[in-house]
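Before any questions on how it binds or moves, here is one chain, the form predicted alone, in structure tokens.
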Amino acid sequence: MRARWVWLIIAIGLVGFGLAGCIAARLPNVTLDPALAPPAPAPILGPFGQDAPISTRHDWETRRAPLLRQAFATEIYGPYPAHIIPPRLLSRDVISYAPLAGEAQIEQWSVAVGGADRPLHFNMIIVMPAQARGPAPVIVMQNFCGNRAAFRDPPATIAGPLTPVFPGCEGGWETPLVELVFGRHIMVPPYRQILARGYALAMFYAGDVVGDEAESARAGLAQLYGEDAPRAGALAAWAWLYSQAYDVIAADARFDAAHIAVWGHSRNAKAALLAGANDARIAAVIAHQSGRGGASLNRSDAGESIAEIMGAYPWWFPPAYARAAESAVDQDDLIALIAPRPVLLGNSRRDAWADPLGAWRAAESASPVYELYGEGGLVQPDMRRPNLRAGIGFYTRDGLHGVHSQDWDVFLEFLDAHFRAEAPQSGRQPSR
């Protein structure tokens, strides 16, 4: 009987591997030629409506940036929650996890957010180096499947997600197939790799507050926004949660409040970019394969369209996003709002759906704002060789939409380049 199950698992794995190979073979490579990128938006420092052209950092910060943030709240993402009291730490419990014993201290925090009359909460896992010397820099990440799925054989004390998650998130035999298609680290971060570089990791499922499917999204938005819910979108709420996480992490002396980065993949990368644009306390942004509504221009014709997003995920954005291609703002403005703090945009050649060329053009167009601060924006020879020390890093690997070990190699080198200027850099380029 045991042998039969072994052969069944092998057969399922082979079928999954074959399907992944077929998918990869049928997906064309993106031609990484910047000349094929969509047309550049209007000059980012030029006039914006009735606002005159920008020539100084002071003009950008006091005149233009507030106008852009308001435009994004009105025309793209919807507003952040209003009239909200600060987040509250409800509980903090030590988690015992044998595979990382002696290497990490692990805690589970329950964080209350929202108004006193509409309380909500999310569960956040903190993984920190066991032998940290001084306050640790932190990577704050949102996951897709909840915190239990982020561990192999999770302890029973780790809370499960508070709203529905995707099929395949529950673990079991589906997990190897999900990782085969989306990468080894789509659900489970490389803890030892992160800890060895001295970083703490804080992760949570934003769906605990506003779910990532129609019913739980509507319920969460209604509870969080009240009568403003029709103008709201889940992505803005998820971005706001990055800042709520920052508040409680920065209040703990074990962490370096000046070196807290936000990380996101796919839809979570869209939220990470918006969080960085709205919260100047966030020290760096890693947005991996963020696509339309993230780093890629809304006016680009390649990849996933606005209509397709609104049809498949109408809770992500407010109804106004359907007209985003007509808006005066585009995603180059969003990247520019992060300046002068560093941002890394991750891409892959077979992820045409996320439109790497549209993201390249947006990064290029945002660069003049970094130059206002005396920083280099997008300063690299092509789309494949990232300048990880520049204000805007652009990374492209082969393969599909997902998170792999080589991605984390680049993520951590990027953070080292900006958080630890004295750290030696390998100079290694991503594998091709």
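Remember, predicted model here, so these are calculated numbers, not experimental data. When you see a residue number, it is the position in the sequence shown, counting from 1.
Just so you know, the form predicted in complex with a small molecule exists too; it's not on screen, but the next bit is about it.
- Proximity of Arg69, Arg231 and Tyr321 to the small molecule in the model of the complex is absent: no residue of the three has a non-hydrogen atom within 4.5 angstroms.
- Put simply, Gln331 is far from the small molecule in the model of the complex: not one heavy atom of it is within 4.5 Å.
- The small molecule in the model of the complex is approached by His401, whose closest heavy atom lies within 4.5 angstroms of it.
- Residue contact with the small molecule in the model of the complex: Trp316 places a heavy atom within 4.5 Å of it.
- For Trp353, a non-hydrogen atom is located within 4.5 Å of the small molecule in the model of the complex, even though that partner is not displayed.
- The partner is absent here; in the model of the complex, the one residue of Phe122, Phe144, Tyr225, Tyr246 having a heavy atom within 4.5 Å of the small molecule is Phe144.
- Residue Glu304 is the only one of Glu75, Glu304, Glu107, Asp279 with a heavy atom lying within 4.5 Å of the small molecule in the model of the complex.
- Stretch 264-272 is the answer when you ask which of 196-204, 264-272, 133-141, 109-117 has residues with heavy atoms within 4.5 Å of the small molecule in the model of the complex.
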